[in-house]
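Below sits a lone chain in structure tokens, taken as the form predicted on its own.
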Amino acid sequence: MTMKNWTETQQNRLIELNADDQELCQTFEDETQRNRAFQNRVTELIKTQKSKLEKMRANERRPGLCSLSDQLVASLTGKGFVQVTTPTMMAKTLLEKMSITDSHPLTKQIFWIDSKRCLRPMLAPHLYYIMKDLLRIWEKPIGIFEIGSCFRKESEGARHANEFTMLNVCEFGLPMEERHARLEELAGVVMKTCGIDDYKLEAEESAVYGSTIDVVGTEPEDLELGSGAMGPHPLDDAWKINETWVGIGFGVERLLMAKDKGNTLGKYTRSLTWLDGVRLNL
């Protein structure tokens, strides 16, 4: 007997309603059994999702993206880091200092406003710009961070979005021999704040920084949560910076996805169709 799986339409609807992986893998003896099971489960899931929305309205009143951002701010400022806020628009000249010229692959993913400006695809150029001045003004070490929207023409999928929220935390002027340990420590601070225990650090290659140390979640499997780098680095010369440093950039929506062990990034992003992980077409 050939067992029946969910249809593509049914499976997509179950995913929207936050069905778990075990439910998504169910099989049935025939279409009648499958369709009856689908209707029953959708009714239950809708009831659960409405309950989540009511709980949010009555108690929490803020999406997880906002709440987690606040928690990260409190955690990092509590560790002595200074929060900065920089423009969402970025000058093309600053990207060129990051080696992102017209021939760079990332250029095609950028949302250009005109020939000289774009919506920022990353936070790092603005943080470099600020740090070169702070290094003249403040004693070292200096730690700063930013949380804000970034934009890339990503392939739409379960793990990508065209608009996403980045946390970038960096520290300049620490002893060379402490860089690796400090990078691991900063990763640990962010993971602990998010309530994520299951992660690993892996060496990877980046189109901008070259060798990086990535923070990878294990559920969902192999989900890249953050990417870290260390300096002195060849990119520093363009900013006239000659200091040791460490830095990590995290996708905040991905941190939420890992915290909830979710299967779709879109439900955690800024959205017109989702509210705090609940699809509104109930």
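Numbering starts at 1 and follows the sequence shown. This is a predicted model, so every value here is computed, not measured.
Keep in mind the form predicted together with adenosine-5'-triphosphate (ATP) is missing from the figure; the text below concerns it.
Taking the partner from the other structure, adenosine-5'-triphosphate (ATP) in the predicted complex has a heavy atom within 4.5 Å of a heavy atom of Ser227.
In the predicted complex, adenosine-5'-triphosphate (ATP) sits within 4.5 Å of a heavy atom belonging to Phe250. In the predicted complex, adenosine-5'-triphosphate (ATP) sits within 4.5 Å of a heavy atom belonging to Phe164. Contact check for Ala258: every heavy atom lies farther than 4.5 Å from adenosine-5'-triphosphate (ATP) in the predicted complex. Contact annotation: adenosine-5'-triphosphate (ATP) lies within 4.5 Å of heavy atoms from the stretch 242-250 in the predicted complex, the single such stretch among 229-237, 55-63, 36-44, 242-250. This chain is displayed alone, yet in the predicted complex one of His126, Arg179, Lys97, Arg152 has a heavy atom within 4.5 Å of adenosine-5'-triphosphate (ATP); that residue is Arg152. For the residues His160, Lys132, Lys192, Lys79, the 4.5 Å heavy atom test against adenosine-5'-triphosphate (ATP) in the predicted complex is passed only by His160.
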